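Heads up, the chain below is alone and in the form predicted alone; it's given as structure tokens.
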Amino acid sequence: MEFKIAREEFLKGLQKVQGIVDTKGVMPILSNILIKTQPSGIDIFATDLDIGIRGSYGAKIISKGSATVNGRKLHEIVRELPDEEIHLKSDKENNWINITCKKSTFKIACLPAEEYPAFPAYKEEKDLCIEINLLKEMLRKTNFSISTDETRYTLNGVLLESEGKDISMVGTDGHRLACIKKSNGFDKKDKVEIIIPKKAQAELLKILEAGDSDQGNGKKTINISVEKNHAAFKVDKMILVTRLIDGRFPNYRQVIPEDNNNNVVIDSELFLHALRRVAILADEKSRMVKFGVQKNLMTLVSDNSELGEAREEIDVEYKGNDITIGLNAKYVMDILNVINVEKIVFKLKDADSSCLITPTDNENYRCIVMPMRI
């Protein structure tokens, strides 16, 4: 295998697979990436056996072939090279790869390409087509609430549901929940319901944020195909295939409160900064802050027996009964960091019921935080 490639193009491909390269696994070859020539360029493939990413990049092919090389080391080398054409040639007999760029030369050991795991099978027919900007927004507004408790494996990912033109995404860890519903614009009669693992959605978000797909209709889109326990996400020349979480996602609809009628309208930027200050002295384990509301006023209080206490008042729009509720400050700040609106609505029932947070102008994005004992 021998080819020449622009340093910027090569670096772009190597960056996209760094999150997949397994540096501590029991299979040494998973620390490598597979580079394979095509008629008009190269494919770069990485897998950790649960997720596989493959991208195609333009290159001048001198001789065809394939090789595997340590993904992290190759990325570090290319990142530091000058912005010149890179010449890469493999010595298959001795399992070496030679890299030349201007006056720099590197020789890296590699493993036989035949031993690299095959790219996961996927079907070409799409089950769902989504605008990239819409999917990015949905991932950003739900992924912070995914559970990290491996014993609750069905909560270790986001639920993606689609039927007709409606598409929803939900993340929860049992203590909080984020749910967003959108109109997709691409009608699909068959229902799609999958749980995307946390690592896969993080890698997918990286691809979407770097994507420049335009498929001729003026909208940037991604195609999704689902088969058994795998899903493939295709954007132009990038494909991500992931194993899905096998199990039933909890019935999230039954935990969304319908009778939280005490509505507190708050300036989200003002609220976030006040909460950050008060949270500094919150208990480091529970992160609890007391939220007290009365007519047109909210009081934030944190109390730490070892460090001290903090108190802050902010003006709000509220005319209901006085309520004081304990909430995890980090959970509320996570919501405020992604909600991206001028004002939010804090919907309360009482001190013992969950808190519902929504934008003032859009109830299709709902976040729930469970109360804490005061």
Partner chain sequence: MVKKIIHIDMDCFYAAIEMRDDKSLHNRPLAVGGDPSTRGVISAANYEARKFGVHSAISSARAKKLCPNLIIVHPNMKKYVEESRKIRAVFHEFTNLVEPLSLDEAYLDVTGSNHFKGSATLIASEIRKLIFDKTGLTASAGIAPNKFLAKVASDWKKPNGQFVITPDKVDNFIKKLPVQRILGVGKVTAEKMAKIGLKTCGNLQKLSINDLCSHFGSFGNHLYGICRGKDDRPVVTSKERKSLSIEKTFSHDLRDYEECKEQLPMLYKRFLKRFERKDIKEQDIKTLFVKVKFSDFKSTTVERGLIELNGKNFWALLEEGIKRRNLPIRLLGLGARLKTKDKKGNSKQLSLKL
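Because the structure is a prediction, the values reported are computed rather than measured. Positions refer to the first chain, counted from 1.
In what follows, reference is made to the form predicted together with its partner chain, a form of this protein that is not presented.
- Proximity of Lys285 to its partner chain in the predicted complex: non-hydrogen atoms within 4.5 Å are present.
- Under a 4.5 angstroms non-hydrogen atom cutoff, its partner chain in the predicted complex has Met370 among its neighbouring residues.
- Its partner chain in the predicted complex comes within 4.5 Å of no heavy atom belonging to Lys92.
- Contact annotation: Leu177 falls within 4.5 Å of its partner chain in the predicted complex, judged by heavy atom distances.
- Listed stretches are 59 to 67, 325 to 333, 341 to 349, 44 to 52; the contact stretch with its partner chain in the predicted complex is 325 to 333, by a heavy atom cutoff of 4.5 Å.
- The contact residue chosen from Ile108, Val255, Leu205, Leu81 relative to its partner chain in the predicted complex is Val255, the criterion being a non-hydrogen atom within 4.5 angstroms.
- Put simply, of Asn261, Ser183, Thr151, Asn229 only one has a heavy atom within 4.5 Å of its partner chain in the predicted complex, and it is Thr151.
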